[in-house]
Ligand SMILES: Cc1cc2nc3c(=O)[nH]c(=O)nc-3n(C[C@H](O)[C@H](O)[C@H](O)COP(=O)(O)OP(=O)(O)OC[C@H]3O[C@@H](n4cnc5c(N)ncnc54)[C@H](O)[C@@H]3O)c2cc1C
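What follows is a single chain, given as structure tokens, in the form predicted on its own.
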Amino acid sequence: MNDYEVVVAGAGPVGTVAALILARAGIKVLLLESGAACATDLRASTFHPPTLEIMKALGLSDALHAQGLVAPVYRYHNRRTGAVIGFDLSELADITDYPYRLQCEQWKLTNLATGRLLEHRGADLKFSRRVAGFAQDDDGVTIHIETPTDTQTVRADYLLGCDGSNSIIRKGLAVEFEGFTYGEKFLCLSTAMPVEAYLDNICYVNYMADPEEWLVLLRAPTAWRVLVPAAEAEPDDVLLADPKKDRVFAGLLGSNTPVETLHRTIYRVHQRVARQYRFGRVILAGDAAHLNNPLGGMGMNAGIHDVWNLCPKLVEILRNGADDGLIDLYDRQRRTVMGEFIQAQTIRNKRAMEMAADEATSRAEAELAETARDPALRREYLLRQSMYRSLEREAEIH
């Protein structure tokens, strides 16, 4: 008998949700995290309606809502012309109890999920533990775990890699990570300053198009977050310095009002999908399996949708003797959805932010305005942006 039925690498939102789903079904699961605790840095902060339905099923919805902001409306702004185009997820109230985005930092979910995980017998959580290597055979996976003082070995029926964009599991599999990396960096600035006092027509979620420097302005419970592109050649220390911060906020606020920031972060942005998600008894999910730009807030949500699809299949295999071809079905379903919907939609979202002041831009903005005016087009757009269409496509794949 193996030590665990499933070992999950990575205690981010995807890994913690996966471990919780499995533990609730009575699966003996070990969750490993390389850090000394769940990360509390500012990463994803948008929960889409289908993800909120998953949170309800896991008993996390009330606690998550108590720490978040309900955001039914989001708006596109043309920074040159002042035009504003708005969309309201309340129009989806006929299909969901959560017709809105919930703005809530991802670390709040990981804290909630790990707390609930440890309520279940047979569920273990170990910090400062990194998967150093693994090997599989017909009966399971041997996993070598690096600790602060030594290396330990455990056996599991399955190893689930939810260990993020720099996944050790994916690299150990030598799987192709197909796609591209954008030729620019993203700079994220956060501030507790009441930005809403300086701007008109903003809501909790704002996309501000501009050919020179588009930006995203999001409200999280603790701060406003501003995301802007930066040239790849610009040194990181220059991007993180006060002059750059001052220029960004001066352009946003239209004044030289002093702004103090809580965080300043630079990261590279990718559009990549692993050629396979399943390799025998080793499986990828979340950022370990796919990366996309953050415009639309789909990355974390897609990862949670991955494990919501996968983990019940693992339960059927481990508890009811189902054929493990179910994991191949997971691979087909989620890779197809990522390629056909989520990757394509996030690329479209980024292009919409880069509109140039020319005829093509006028047409693109006119199409977006027409979408907002036309009830049928608007509903289809909302269903795509809220990720319902991707889940419908998933259900079609057998």
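In this text, all values refer to a predicted model and were calculated from it rather than measured experimentally. One-based numbering along the sequence shown.
Heads up, the form predicted together with the named molecule isn't pictured, but that's what we're talking about next.
Can you pick out, from His65, Arg332, Lys56, Arg43, the residue that has a heavy atom within 4.5 Å of the named molecule in the predicted complex? Of His65, Arg332, Lys56, Arg43, the residue with a heavy atom within 4.5 Å of the named molecule in the predicted complex is Arg43.
Of these, Arg116, Arg130, Arg79, Arg219, which has a heavy atom no more than 4.5 Å from the named molecule in the predicted complex? Checked against the cut-off, the match is Arg130.
Quick one: does Arg225 come within 4.5 Å of the named molecule in the predicted complex, counting heavy atoms only? Output for Arg225 is yes: heavy atoms within 4.5 Å of the named molecule.
At the 4.5 Å heavy atom threshold, is Val337 in contact with the named molecule in the predicted complex? Looking in the predicted complex, residue contacts with the named molecule do not include Val337, since no heavy atom lies within 4.5 Å.
The named molecule contact in the predicted complex: Leu32, any heavy atom under 4.5 Å: Because a heavy atom of Leu32 falls inside 4.5 Å of the named molecule in the predicted complex, the answer is yes.
Please determine whether Gln106 contacts the named molecule in the predicted complex, using a 4.5 Å cut-off between heavy atoms. Residue-level check for Gln106: yes, a contact with the named molecule.
Within 4.5 angstroms, counting heavy atoms, which one of the listed stretches 80-88, 159-167, 317-325, 241-249 is next to the named molecule in the predicted complex? Heavy-atom contact with the partner occurs in 159-167.
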